[in-house]
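The chain that follows stands alone, in the form predicted alone, written as structure tokens.
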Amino acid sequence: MHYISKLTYYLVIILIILSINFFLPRAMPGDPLAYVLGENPDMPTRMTEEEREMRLAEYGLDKPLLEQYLNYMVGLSRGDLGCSIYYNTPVMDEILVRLKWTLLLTGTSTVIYMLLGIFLGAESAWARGKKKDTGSLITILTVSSFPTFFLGTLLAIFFAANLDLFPLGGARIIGASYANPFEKALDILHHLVLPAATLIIAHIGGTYLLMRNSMLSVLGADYILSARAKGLSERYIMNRHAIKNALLPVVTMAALTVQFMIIGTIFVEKVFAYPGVGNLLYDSVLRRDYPLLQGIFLFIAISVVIANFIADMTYLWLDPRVRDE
């Protein structure tokens, strides 16, 4: 019953998001047809009033707002996100082309910074008050305090421009022919290092601090004292008893940080010219491409909702007492 109520709750949230998703782009100032011809992405296009009316009718923007909204909801029910005004291609196609790169970047970064944050936070708490704890605390808080775009710029200047160890931008070498899939994977990973490192460094601080504080709160618990009284090793007690119970707030925080990770990805993709959804969103905002903005916002919103749903289910697995509430 708990699972059904949770699922119903998230379905209602998604319906509310769909409505906000429609009205939010239209609240932006600017002309959605300014860049419609796509000849120069940096220069707005001038058109006659007749051409403008024809274009508005083509994209359904000449209809009353309520009718546009109903058409939007009907289209979504059929899986149709509409057609991009700027690219003149289906929105779904444009997003899917970029989605694989964003999932690769955010997925890799999230897994690494969560695991590192949990491990370093647990180790730091276990060595509380010692040089290891103090050093980790100062170092992680310092490096993770930089804004994402600033940190990405620093890494790009130092490791790409000065040392020439990594590519300055892109997701792979354009037009390259690979001898085998392994060579292609190496090229993609080579381009992934700096963007992923930027996101990892920028987000590891929150996980580290929460895990450290959570571990400190369970170290004095009765079951920890009982395990020590049984003569179990410190490493065994930490791995098998302390960490699992300390993970509960970390799981909740992981879902909440998904939205901040997505926002950070936008800046990182722009800094490194990474061809993901974040870069596409940035360009779509400048071009007032309503259908494309709606599609990207929908993808982001659903990603956050799914992350929270997974966190709720994981919380139930880690703490069965929640099911009895």
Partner chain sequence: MTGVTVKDVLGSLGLGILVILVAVSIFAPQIAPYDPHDTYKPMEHPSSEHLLGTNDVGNDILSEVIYGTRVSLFIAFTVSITAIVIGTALGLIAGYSGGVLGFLIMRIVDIFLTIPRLVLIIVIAAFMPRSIWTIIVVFIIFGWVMTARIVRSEVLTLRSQYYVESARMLGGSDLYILWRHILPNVIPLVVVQFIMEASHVIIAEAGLSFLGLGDPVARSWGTTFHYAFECPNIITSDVWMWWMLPPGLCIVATVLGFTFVGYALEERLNPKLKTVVGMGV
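All values derive from a computational prediction rather than experimental measurement. Numbering follows the first chain given and starts at 1.
Keep in mind that the form predicted in complex with the partner chain is not shown, yet the notes after this line are about it.
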Even though the partner isn't displayed, in the predicted complex is residue 280 close enough to the partner chain, meaning a heavy atom within 4.5 Å? no
Indicate whether residue 297 is a 4.5 Å heavy atom neighbour of the partner chain in the predicted complex. yes
Just to confirm, residue 191 within 4.5 Å of the partner chain in the predicted complex by heavy atoms? no
Decide whether residue 77 counts as a contact residue for the partner chain in the predicted complex under a heavy atom distance cut-off of 4.5 Å. no
If the criterion is a non-hydrogen atom within 4.5 angstroms, does every one of 13, 141 and 263 touch the partner chain in the predicted complex? yes
Can you tell me which of 157 to 165, 103 to 111, 82 to 90, 173 to 181 lies within 4.5 Å of the partner chain in the predicted complex, counting heavy atoms only? 157 to 165
Counting non-hydrogen atoms within 4.5 angstroms of the partner chain in the predicted complex, say which of 186, 216, 115, 99 makes the cut. 216
In the predicted complex, residues of 263 to 287 near the partner chain [heavy atom within 4.5 Å]: 263, 266, 267, 270, 271, 281, 282, 285, 286
